[in-house]
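Take a look at this single chain, the form predicted on its own, given in structure tokens.
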């Protein structure tokens, strides 16, 4: 199975600190880069992480609060200066096209490569890539905010070399055809079909990115049995009233949602700058969902295949 990892580029909420930048997470699938949110300083963090913007294919913006979008003009401007040649998609809330039109009109951002703008909530329910799909649902925050679910395409079942050899398939290019799901014709005229030499299809991996929201049914749907849930935990649980008033979640609420959704792993991000010692936050979350980590800037996490 191909490589998939999450790279946490910014893990603070509201404003950066000396150790944490603001919101941005990259998913890297076989070198192809998908960026979720783009807070101030994201392009610097990408350089520190060794992520090349030349591999960037898609940007997904959860909402228009500054700590999630203020790095976008700078990143795309640098890509223009570097003569980036390939198309980049930008998916965001309603108002995305108006936002880009204003940047262009003021001369702040004039990309010289194709940028495809898609607004959620306008008869658009999902986004389809060559090897993945991204679905999204509206969350519960102070302004229009969306959560995302990345789903890798299913993979063919494991190739049975002994079965292929017993059917007379010679080692070489025909093995590759069968592994890609294509039937092959042998020299004696017989046809060997993929189902004769492949096991059951292997489900693709899944990641949910959910930030700036109260716990809600949309979050549960997005996180349903995901391999990795990336969820905000802006506050400790003793500040749950403040979290509720500001449209955020506590670390304990994030962990409860992970348990309810049947997620395999949880990484909490978007921490309030007030917290410098994360150990009490982590301990309280793990009481509800043991397989929990709290993100640090530039942390990388491989997402393993299952099934």
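Being a predicted model, the structure only gives us computed values, none of them experimental. Positions refer to the first chain, counted from 1.
Same protein, other form: the form predicted together with another copy of the chain, not shown, and the subject of what follows.
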property: 4.5 Å heavy atom contact, residue 200 and another copy of the chain in the predicted bound form; result: no
property: Residue contact check: residue 44 to another copy of the chain in the predicted bound form, 4.5 Å heavy atom; result: yes
property: Residue 17: touches another copy of the chain in the predicted bound form, heavy atom cutoff 4.5 angstroms; result: yes
property: 4.5 angstroms heavy atom contact with another copy of the chain in the predicted bound form for residue 162; result: no
property: Stretch in contact in the predicted bound form with another copy of the chain, which is absent here, among 79-87, 202-210, 152-160, 225-233 (heavy atoms within 4.5 Å); result: 79-87
property: Full three-residue contact with another copy of the chain in the predicted bound form, heavy atom 4.5 Å, for 244, 256 and 272; result: no
property: In the predicted bound form, the one of 115, 108, 186, 218 near another copy of the chain [non-hydrogen atom within 4.5 angstroms]; result: 108
property: 240, 48, 57, 264 - the one with a heavy atom within 4.5 Å of another copy of the chain in the predicted bound form; result: 48
property: Another copy of the chain in the predicted bound form - contacting residues of 54-68, heavy atom within 4.5 Å; result: 64, 65, 66
